[in-house]
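A lone chain, given as C-alpha cells: the form predicted on its own.
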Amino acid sequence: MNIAVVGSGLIGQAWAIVFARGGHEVRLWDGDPKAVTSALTLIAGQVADLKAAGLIDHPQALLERICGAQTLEEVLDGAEYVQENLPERVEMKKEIFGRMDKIAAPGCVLASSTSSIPASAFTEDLPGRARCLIAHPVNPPYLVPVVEICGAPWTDAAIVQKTWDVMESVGQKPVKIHRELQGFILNRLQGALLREAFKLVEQGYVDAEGLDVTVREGLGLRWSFMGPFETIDLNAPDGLADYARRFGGMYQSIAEEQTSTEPWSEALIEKLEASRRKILPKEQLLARRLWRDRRLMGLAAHKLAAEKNTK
C-alpha cells in the first residue's frame, strides 16, 4: 500500500517508521522542504536504534521504503491512506484537509493524528468528508502501539474498518472510539490522573518526585501489561464485582473530594518546573527523551518475547 505522511515532525517521523516497518511504501511531505531532509536523517538514527534493540532485522530495506516528496500533490499521488500530523489548530486542519480532499484519489483515507480535536470540527464542509477520521497515536507511535480510531458522525463505516485494517497490518493496536469526544480516551484518562497529581502536590501531600515514584514503581508496573479493569479483576478473590463491592465505597468517598475543575495555577506550575529542573536540567531533556525511547524499545522487545512464549 502507498502511504502518505503529511507533516514531518516527531509524530510524522514515527509514523513513517511504523508504516515502512509494516512493509508499506511511504512518502513524507512537509510545508518546509528542509524539514523533510532533516526528518529523513532523524528517521535513519531511530531505525538504527531499533536494529540495536533487536526490534527489526532489515533496517536498510525499511529506510528504502521511505522517501520525501516536494509537494502535496506529489505525496498524495497514488496514496491509498494519508496520515496528517500538523499542529493542533482547527483552522490549519481545515486548510490542509480541504486541499487533500481536492487532490487525493476518491478511495484514499484521510486520517489525522490530532490528540484532541474531533474530526467533525474540520471536515464538515468537505465533499469527501465520509473518508475523514481521527487515528490518534501515542508518542512515539513506533514504540507505543495503541491508536485511537474515531470517526465523525458522517464517516463511512468502511473507512473506519480500512483504517483499523491498516493499523493492524503494521502491528499497531487500534481502539475504536464509538462517538466523538474531546481528547478521545487516552488523554482523558491521562488528564484525570494529571489533575489529581497536580492537586496532591499543591495541597502538600507529596512532592513531585514522590508522585512520580508512586506511578513509576507502583501503578505503572502493572499498567505496562494490563489495563485498569483487568488490574482490579485480579485484585479481589472473586474478581471485578468483588473488588467493586469491597472498595467502591472508598472510591466514592475519594471522588467527592475530586470535584474541582480549576486550572493548574501558575504558582504550582512554577513549583513543579523548579522541582523537575533540579532533577533534570533543561539542557538534558533531549538526552533523557532518547533514553526514554531506548527503555521503551527494551520493554517492547520484552513484551514481544513474552507474547511468543505464550503461543
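Residue numbers run from 1 along the displayed sequence. Note that this is a predicted model, so its numbers are computed, not measured.
What comes next is about the form predicted in complex with another copy of the chain, which does not appear here.
Residues 21, 39 and 78 are none of them found to lie within 4.5 Å of another copy of the chain in the predicted bound form, as judged by heavy atom distances. In the predicted bound form, residue 195 approaches another copy of the chain with a heavy atom inside 4.5 Å. With a 4.5 Å cutoff on heavy atoms, residue 179 counts as touching another copy of the chain in the predicted bound form. Using a 4.5 angstroms threshold between heavy atoms, residue 65 stays clear of another copy of the chain in the predicted bound form. Contact annotation for residue 280: at least one heavy atom lies within 4.5 Å of another copy of the chain in the predicted bound form. Partner proximity in the predicted bound form, defined as non-hydrogen atoms within 4.5 angstroms of another copy of the chain, places exactly one of 119 to 127, 184 to 192, 154 to 162, 101 to 109 at the interface: 184 to 192. Taking a 4.5 Å heavy atom cutoff to another copy of the chain in the predicted bound form, the contacting residues in 200 to 225 are 200, 201, 203, 204, 205, 206, 207, 208, 210, 211, 212, 213, 214, 215, 216, 217, 218, 219, 220, 221, 222, 223, 224, 225.
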